Ligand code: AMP
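The chain below stands alone and is given as structure tokens, in the form predicted alone.
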Amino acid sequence: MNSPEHPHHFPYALSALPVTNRFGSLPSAFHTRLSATPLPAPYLVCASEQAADLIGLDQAAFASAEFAEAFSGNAVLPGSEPLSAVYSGHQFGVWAGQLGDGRAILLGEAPAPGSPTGSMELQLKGAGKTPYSRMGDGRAVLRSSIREFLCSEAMAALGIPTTRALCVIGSDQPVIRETVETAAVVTRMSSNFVRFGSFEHWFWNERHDELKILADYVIALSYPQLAQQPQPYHALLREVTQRSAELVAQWQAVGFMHGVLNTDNMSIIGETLDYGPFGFMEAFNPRHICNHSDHQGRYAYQMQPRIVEWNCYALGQALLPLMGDVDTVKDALTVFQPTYDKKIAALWRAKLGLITVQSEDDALVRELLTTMASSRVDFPVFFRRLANLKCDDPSADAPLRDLFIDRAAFDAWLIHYRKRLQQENSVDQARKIAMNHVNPKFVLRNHLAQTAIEKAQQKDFSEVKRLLHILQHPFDEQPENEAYAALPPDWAASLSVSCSS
């Protein structure tokens, strides 16, 4: 399927944004057409200029009342055919049956020349009840909407595949969660919002015709190069598995924890999807659970690669009717482990500033992570400071050693690391530049998000805007924003996020 042809009158005024809806062309069983529930007195909380640029939207629109009306769902963009999609999924490893867009409404897609499909779908999250809301109210709160907005744009700046966030629109309408909060709508963007659970829905309902329609749609939209393969569905599963393996490797390397890796939260194009109780690793603990609702630790940091592979197997099971036999499915899935191993090894070498491949590299990384875990060393601070190491001058190691309780263990690791650097004739300045291009100085720590949220709840959106700007340049030094890269304050330890986030 070719990308829609639109005249390129960038930037578009909001009223002239050309919106179509290819997903809406699928049979009616795939979705329900509906309008958003009106949101009283909507106002702009924050918007991403970079996200707007992807679809050529004139940023002058941000200040208009029409912008808040359109992206709260109160007004329908010309050409939009709002709908909510059905899907199912495994939640915490248990088959949950039908789920679907319980609070999301797909507006359609806008042209995006830089996107793989030539367009970006626009989706409102928190726009009210849908037929798939079950017991929910279909709303999102300001707190969770700001977190998703900031993390979507932060992950993009880190170079990690992700859905994007255009804006957050707020309202004073009360919403009840653990406490009474206010409503908000975040506009998400992706070239394809189809999930693993979208395929599981048709498999578990034994509707193989719809399963084939969906697979053909995804191939045509996002993987057109696979259409001519002798076994296109095998090629699809293999490609999705490969992308998913590379994605979770990138998460591990930057210390990102998704929090709810259910199959309905897995993107068919290998993007980070659905920001709920996520977190970035601070005091390093491979068993860290960022989701307060995850009582068994299924989605702990160290479990993520295994769980993503499990989810790929669930997708493989769903595609079995199209692939003919189990062996064909298993063959496609075999790419996960070697893809992950190759990607994560390359990422760790880059984080350590290593430019050659040596047989002892895995052991060097394992020894470091074990030592970091025993001292609960701050993940981003350590790797950023490591870039300043002098290959031949241990006298300058104090800022690194100060991060460790067990300094003797760290000193032992440093001996191995220095020897490794000397073997490849590493040059301090060149290594520092390379490491600072891959080890972010700034990540979305929970206490930074919380501070911005609390100000926003008082109608002061300046901290959200400032934090967005900082996170869009995570590898830059930004000396004026040094406090945002500091070790977290003591009060941050009491923060928790759950599935309601």
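Start at 1 with the first residue shown and count on from there. For clarity, every value in this text was computed on a predicted model and none was experimentally measured.
Unshown form predicted together with this ligand; subsequent notes refer to it.
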Contact check in the model of the complex: Q91, R103 and S133 versus this ligand, with a cutoff of 4.5 Å between any heavy atoms. Do all three pass?
yes
Since exactly one of P305, G138, G108, G73 fits, which has a heavy atom within 4.5 Å of this ligand in the model of the complex?
G138
Within 4.5 Å, heavy atoms only, which of Y87, W251, F284, F383 is in contact with this ligand in the model of the complex?
Y87
Taking the partner as it appears in the model of the complex, which of 94-102, 150-158, 389-397, 352-360 has residues with heavy atoms within 4.5 Å of this ligand?
94-102
4.5 Å heavy atom contact, D274 to this ligand in the model of the complex
yes
V260, heavy atom within 4.5 angstroms of this ligand in the model of the complex:
yes
Test of understanding: in the model of the complex, would N265 fall inside 4.5 Å of this ligand by heavy atoms?
yes
Considering only heavy atoms, tell me if R177 and this ligand come within 4.5 Å of each other in the model of the complex.
yes
